[in-house]
Ligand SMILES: Cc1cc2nc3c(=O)[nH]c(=O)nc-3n(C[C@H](O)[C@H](O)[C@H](O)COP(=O)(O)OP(=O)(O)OC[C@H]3O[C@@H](n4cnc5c(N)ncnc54)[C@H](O)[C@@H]3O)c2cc1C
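Single chain ahead, written as structure tokens, the form predicted alone.
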Amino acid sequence: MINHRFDAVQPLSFSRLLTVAYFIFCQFHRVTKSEKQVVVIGGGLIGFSVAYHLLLEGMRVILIERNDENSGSCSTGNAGMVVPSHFVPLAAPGVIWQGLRWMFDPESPFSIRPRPSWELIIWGLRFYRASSPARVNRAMPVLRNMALRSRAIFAELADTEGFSFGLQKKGLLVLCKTSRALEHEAGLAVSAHLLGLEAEVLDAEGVRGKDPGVEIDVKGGVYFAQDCHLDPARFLGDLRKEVVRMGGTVLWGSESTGFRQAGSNVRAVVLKNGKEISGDEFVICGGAWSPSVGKKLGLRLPMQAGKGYSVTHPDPPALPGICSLLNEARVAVTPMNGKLRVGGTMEIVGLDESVNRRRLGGILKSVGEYYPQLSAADFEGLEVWKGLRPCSPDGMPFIGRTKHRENVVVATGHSMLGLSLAPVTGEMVAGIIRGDAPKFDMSLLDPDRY
């Protein structure tokens, strides 16, 4: 007993001293990292997802948003789909030629407003170069991995106190009116299987069996079981509340006009009112407005704003039970808590947020072609939402540190996948600022790739 007590107070061995010293260093390093103040520029789904994950790591967060608190911008009126099925980037083989065929149809799902803009011309050339099979084959596993991780985070959040955004794990139907479209989607189903995703090719009866509560007039379709849907406005609202509850500061109606810099580091964001917001790290999540923010730091973020529309019926004559994509029309249909949202189009028109009634009419007219119980007249007089999606030339988001400034991280350019990839983007940015090894192939996401 005496010997045991004597042994207990013997001097530590050199190896144990090293272990204790390393433990103290790690704890000190962890505290130092958690004390970082991060300034997030942009208050959409990406910005608030980034803020949320940074706060989970114990960092201090100040989020700057140019609009007021009642504005949801591109984040609230979207289709609300979480889509591992969207593993093919926007820049893909055949997209250019399909777009050209649609150009002169005022009700088509796609249009580019001609204007004298070198940025638009260069973006188009880069889009064309990125639309190669080799590039798409590299991008598909990255988008799949990000989407599946994002889906898992959504599922975790749905079971977390403070979140109630109506996550529905019912899958997604891609509906096809023609044999040609169904054949194309069946080919994508094969690619999905090769990527380890669940995809089921269905005939007309099979489609109706998946959603028996509504009439569907189609040739067939593909069912993607891992896709989900939710209410994006409720999700953004939950994120906002949680960010504030966790100690984050949100500066609404605060537009950034520049930066105070010192060498290769940013010291502060300068607001329109002249106030400076200092920080240790800065994250650019400004959506379609990110290029103008990045330009002040010497960043080149080539993006075009892709405008889309949606209309939400509060009490539709018929309500699908599963969200769907109307293949030929490129229209999304999503049930949300008894309401029905339909939306679509991709208008490359700069930062113009006006409503093109002809293209909106094309969206609403197409719904009745697939769902005979619905018609364009059902949506007359309802409020029209519009949003600008930030589209990169290759259809891949910009995520990562930039070589131009040591303490700046970029998280933007998600195109039509902003909601779907928001949680994983937030997690990735938190990992980047922590200094973690990347879990994804970051080369296709490099913000300096152009």
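Keep in mind it's a predicted model, so treat the numbers as computed, not measured. For every residue, the number given is its place in the sequence shown, counted from 1.
The same protein also has a form predicted together with the ligand, omitted here; what follows describes it.
### Whether A139, G400 and Y450 all lie within 4.5 angstroms of the ligand in the model of the complex by heavy atom
No: none of A139, G400 and Y450 comes within 4.5 Å of the ligand in the model of the complex.
### Query
Considering the ligand in the model of the complex, which of V243, A305, M81, L182 comes within 4.5 Å of it through any heavy atom?
Contact residue from the list: M81.
### Query
Looking at S111, Q226, Q168, S75, which has any heavy atom no more than 4.5 Å from the ligand in the model of the complex?
By the 4.5 Å heavy-atom cutoff, the listed residue in contact is S75.
### Query
Closest heavy atom of W385 to the ligand in the model of the complex, within 4.5 Å or not?
W385: contacts the ligand in the model of the complex.
### Message
Taking any heavy atom pair closer than or equal to 4.5 Å as contact, tell me whether F127 reaches the ligand in the model of the complex.
### Response
So F127 does not count as contacting the ligand.
### Query
Does the 4.5 Å heavy atom contact test between L326 and the ligand in the model of the complex come out positive?
Although the ligand is absent here, L326 would stay clear of it in the model of the complex, with no heavy atoms inside 4.5 Å.
### Query
Quick one: does N407 come within 4.5 Å of the ligand in the model of the complex, counting heavy atoms only?
Although the ligand is absent here, N407 would stay clear of it in the model of the complex, with no heavy atoms inside 4.5 Å.
### Segment assignment from 364-372, 251-259, 115-123, 201-209: heavy atom within 4.5 Å of the ligand in the model of the complex
It is the stretch 251-259.
### Query
What residues in 38-59 sit within 4.5 Å of the ligand in the model of the complex, counting heavy atoms only?
I41, G42, G43, G44, L45, I46, G47 sit within 4.5 Å of the partner.
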